[in-house]
Ligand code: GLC
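In the form predicted alone, a lone chain appears below as structure tokens.
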Amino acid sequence: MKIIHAVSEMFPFLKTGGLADVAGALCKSLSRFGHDVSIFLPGYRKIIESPEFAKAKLKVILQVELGDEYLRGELYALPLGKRQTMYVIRRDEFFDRSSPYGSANRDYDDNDRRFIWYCKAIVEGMRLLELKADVFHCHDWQTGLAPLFLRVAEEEYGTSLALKTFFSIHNMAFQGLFPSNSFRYTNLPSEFNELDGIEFYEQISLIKGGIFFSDKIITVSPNYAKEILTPEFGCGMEGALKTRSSDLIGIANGIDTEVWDPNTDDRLPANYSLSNLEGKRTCRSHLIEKLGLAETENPIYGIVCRLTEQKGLDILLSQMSFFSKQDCRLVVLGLGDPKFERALKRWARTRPDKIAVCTVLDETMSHLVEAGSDYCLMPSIFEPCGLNQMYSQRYGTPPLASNVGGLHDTIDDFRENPETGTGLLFEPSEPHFKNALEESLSIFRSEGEYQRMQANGMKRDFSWSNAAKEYEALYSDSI
């Protein structure tokens, strides 16, 4: 098949979260299955300045309508290997910035213009390059209008650009909401700015465009596909989703096992495997030394995430005394809401021997935290899929996680299934999290129980080859 993916970030070129990991690994897997895969990305500063971009070739100049003006862009092609090409859409006014979506925890004021233009530029690029696709797959609100613009362009130019369109929801909480007057940038007829279009409570919603105007809607775990049909998790969009429920599919993400493999990971001070865990002990010692923590025979708990309410930071903060009273250790890695950064750093200053907080985006450090910790914490309020719980199981670091979304789909609760369990699941609340922490300490001190849970997790196969086969089957069945 000829498959086109449209995304706003992709590992290893630019990453702010799991979307980048998913895009990079899924596209690589599909190309290895023998499909021709093209990926569209914005020409962010980090991409343009990367050594790889020096090999890119300018393919076409774009003139893209945005409201009452036409804005120029450039489309570059960069081969990523056999059967995989990345197309970079460059307009420095929009994308030559230090971060992709905003700065200082505030979205850019022109994100409506930036990403409406980007959606149009993708479609115009496909048309000019005559990239006839079997599958056109868009991801999250940043590309939410592209399926609609594609069908409009097909009608306008009397051509076919894609047989079927797909739209992935990676996080329902981010919807691309903008003032109603932003609709003028779409140049669409006014009927699209109504309830059955992209209008959303006197605003416009770019994610609603993907929901209403794609042939199939995908989200990143089967459980999350059920959850977002409810008011608790639908973020106000559950009504729109229910009208498309027959076209909504949940496919759990995988992980890139070439990047995340403790046996070969070159970011670690020592490698290890299920048959020889000596390297994991080395990673643990290195993590303690690097962060200046005191040695302990009790567990090290690691959390790698955006520091936001969604990730359960309030729940974590409610139990900080646990790490002092029980002589455990806590390592936090991530950036986010300043109030959470400040609160965590206060604890770290109070107990620097027991609590370490690193407010950075550091890929190497994230590997070390996964490998050097004894438990991975994920007290999320909601979690569409989550990747860290899969990384941690592969790295022999059992997760303690909320029983929501993809965490439910990818963790086998050890208390319910001691022969196969890979972690502990709990309801996302302070008392349930407290109980899970206490149970994890008991398991860690029990002869053989922790080792069995650890081994069960390391035996699981979360590779993208399995998840990509589900995508391949869905594409094939749909066209």
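Position 1 is the first residue in the sequence shown; the rest follow in order. Since the structure is predicted, the reported quantities are computational estimates derived from the model, not experimental observations.
There is also a form predicted in complex with this ligand; it is not shown, and the following applies to it.
Looking at V220, you'd find a heavy atom of it within 4.5 angstroms of this ligand in the predicted complex.
At least one heavy atom of R306 is located within 4.5 Å of this ligand in the predicted complex.
At a distance threshold of 4.5 angstroms between non-hydrogen atoms, S182 is out of contact with this ligand in the predicted complex. This ligand in the predicted complex is approached by V22, whose closest heavy atom lies within 4.5 angstroms of it. The three marked residues, H170, K311 and P384, each reach this ligand in the predicted complex, with a heavy atom inside 4.5 Å. For the residues N253, Q175, T165, T186, the 4.5 Å heavy atom test against this ligand in the predicted complex is passed only by N253. For this ligand in the predicted complex, the listed stretch (376 to 384, 274 to 282, 345 to 353, 112 to 120) containing residues with heavy atoms inside 4.5 Å is 376 to 384.
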